[in-house]
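Taken one at a time, structure 1 and structure 2 that follow are two forms of one protein chain, written as C-alpha cells.
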Structure 1
C-alpha cells in the first residue's frame, strides 16, 4: 500500500507534469496491452519487426548521433549478429536463448575490430571507411557458400518462440529494456563525454580524457545492440542472408534516426515506429509506395531539420526563461520557480 503511494507520488510529480513523458508512458502501455485487444497476426509481425529495427536505429544513434562517429556500414553489426545466431543454431543446434546473446557479443567484438582501424579517421573519411566493412563480410559470405549458404543464405532456423504473441513480447520487452538502458547511458557521464567528443575531440583530450577508450566503447556498445537486433531478426524471420548486409540495411538506421531526431534516443524510436509501419502498409499502393515514402521523408527533413521528435517535444513543452526547467505547454507559470512563462 505504502509502496503504491510512493509510486503514485512519483507518477504525479515526475511523469504527469510533462506531456512528453505522458506520451512515452501511454506509448509503452499501449505496446504492452496491444495483444490483449488484437490478435491480428500481420499487425503483430509488423510491430515485432518495428521493435527489432528500433534497437538497430537506436544503436546507430548512440554511435553516430551521440559520439559523432558516423557509420555508413552499420549493417555489418546487424549481419554479424544475424549470421552468428543462424550458424550457431543450424550447425551447433544452439537455442535462441543462447544464440542471440552470443550473436550480440560477436557483433560487439566486430565493433571493436572496426573501431580500431577507424580511430584515426574523422567525419566523411570515417563514413566512407565504415561503408567498406559490410561489403567485405559479404565477400566472405560468398567465398564460402557451403558454410554460409552463399546467395541463398541460411534458412530453417529455429523459431524465436512458439507463438506470435510470445515472440511479440520478447521483441517489445527487449526493445524497451535496450532503449531504457541506452537512455540511461546517454544521460550519464559517459553520454556527456560522447557528446563532447562529437563536438571537439581535441579539447576533450586536452581535458585529460582518453578519447580512444570512449570511442571504442561507443563502437562496442553500438555493435552489441545492433547485433542483438540482427540475431533477433534472424530467429524471427527464420533466415539470415546477404541482404542483411546490403547498403539499404546500412542506410535505414540513418534515415530513421535523422527523420526522428538524432542524438536523442527517443528520436530513432519515433522514426522507426512511424516509418517502418508506414512503408509496410504502403504495400496497399505498390506503384507509389517508394515515392510516397521518399516524399514524406523529404518533407520532414525540409521542414524540421532537427527531426520530428524534438519538434513535437518543443510544441508540448516550453522552457522557463528563468530557471530553464521544462514545463507543459498549458502552464502560464513555471512549476519550479513560479516565474511567468512566455506564451
Structure 2
C-alpha cells in the first residue's frame, strides 16, 4: 500500500502534469495491452521489428545526437550482434538467453575497437571513417563462407520464443527498458558531458574532463545497444546475413532519428514507430511505396527541421522563463515558481 501511494504521488506530480508525458504513458500502456485485444500475427511481427529497430535508432542517437560522434557505419554494431548470436547458436548450440547478451557484449567490444582509431577525427572525417568498418566486416564475411555463410548468411537459428506473443513481450519489454536506461543516462552528469563534447570538445578538455574516456564510453554503450537489437533481430527472423551490414542498414537510424528529433531519445522512438510501420503497410501500393515514403520524410524535414517529436512537445508544453520548468500549454502560471507564462 505504501509503495502504491508513492507511485500515485509520483504519477500525479511528475507524469500527469505534462501532456507529453501523459502521451508517453498512454503509448506504453497501449503497447503492453495490445496482444489482449489483437492476436493478428502480422501486426505483432511489425511491432516486434519496430521495437528492435527502436533500440537500434536510440543507440545511434546516443552516439551522434548526444555525443556528437557522427557514425555512418552503425550497421557494424548491428551486424556484429546478429552474427555473434547466430554463430553461437548454430555452431555452439547456445540458446538465445545466452547468445543475445553475448552478441551485445561483442558489439560493445567492437564499439571500443572502432572508437580508439576514430578518437582524433571529427565531423565528416569521422563519418567517413566509421563507414569503412561495416564494409571491412562484409569483406571478412565473404572471405570465409564456410563459417559465415557468405552471401547466403546463416539460417535455421533458434526462434526467439515459442509463440509470437511471447516474442512480442520480449521485444517490447527490452525496448522499454533500454529506452528508460538511456534516458536516465542522458539526463545524468554523463549526458551533460556528452552534450558539452558535442558543442565544443576543446572547452571541455580545458575544464580538465577526460573527453577520450567519455567518447569511448559513448561508442561502447551505443555498440552494446545496437548489438542487442541485432542479436534480437537474428533470433526473431532466424537469419543473419550481409544485409545486416549494408549501407541502407547504416542510414536507417539516421533517417529515423532526424525525422523524430535528434538528441532527445524519445525522438528516435517516435520516428521508428511512425516510419517503419508506414513503410511496411505501404507494400499495398508497391509502385508508389518509396515515393510516398520519401515525400513524407522530406515534408517533415522541410517544415519541422528540429524533428517531429520536439515540435509536438513544444505545442503541448510551455517553458517557464524564470525557472525553465516545463508546464502544460493550458497553464497561465508556472507550476513550480508561479511566474506568469507567456501565451
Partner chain sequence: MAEGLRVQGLSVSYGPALIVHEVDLEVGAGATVSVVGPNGAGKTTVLRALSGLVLWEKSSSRQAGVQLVGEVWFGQERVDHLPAHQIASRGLILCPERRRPFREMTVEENLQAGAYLVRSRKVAQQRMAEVCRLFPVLRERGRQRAGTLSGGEQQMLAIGRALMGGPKLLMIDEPSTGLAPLVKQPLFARIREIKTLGIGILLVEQDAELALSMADSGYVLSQGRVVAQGSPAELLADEVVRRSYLGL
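Residue numbers count along the first chain shown, from 1. Throughout, rigid core stands for the largest set of C-alpha atoms superposing within 1.5 Å between the two forms. In this text the structure is predicted, and so the values were computed from the model without any measurement.
Asks: Name the structure that matches the description of the form predicted on its own.
Replies: The form predicted on its own is shown as structure 2.
Asks: After core superposition, I'd like to know whether residue 25 moves between structure 1 and structure 2 (criterion: C-alpha shift of 2 angstroms or more).
Replies: After core superposition, the displacement of the residue 25 C-alpha between structure 1 and structure 2 stays below 2 Å, so no.
Asks: Rigid core superposed, residue 322 Cα shift between structure 1 and structure 2 in Å?
Replies: For residue 322, the C-alpha ends up 3.1 Å from its position in the other form.
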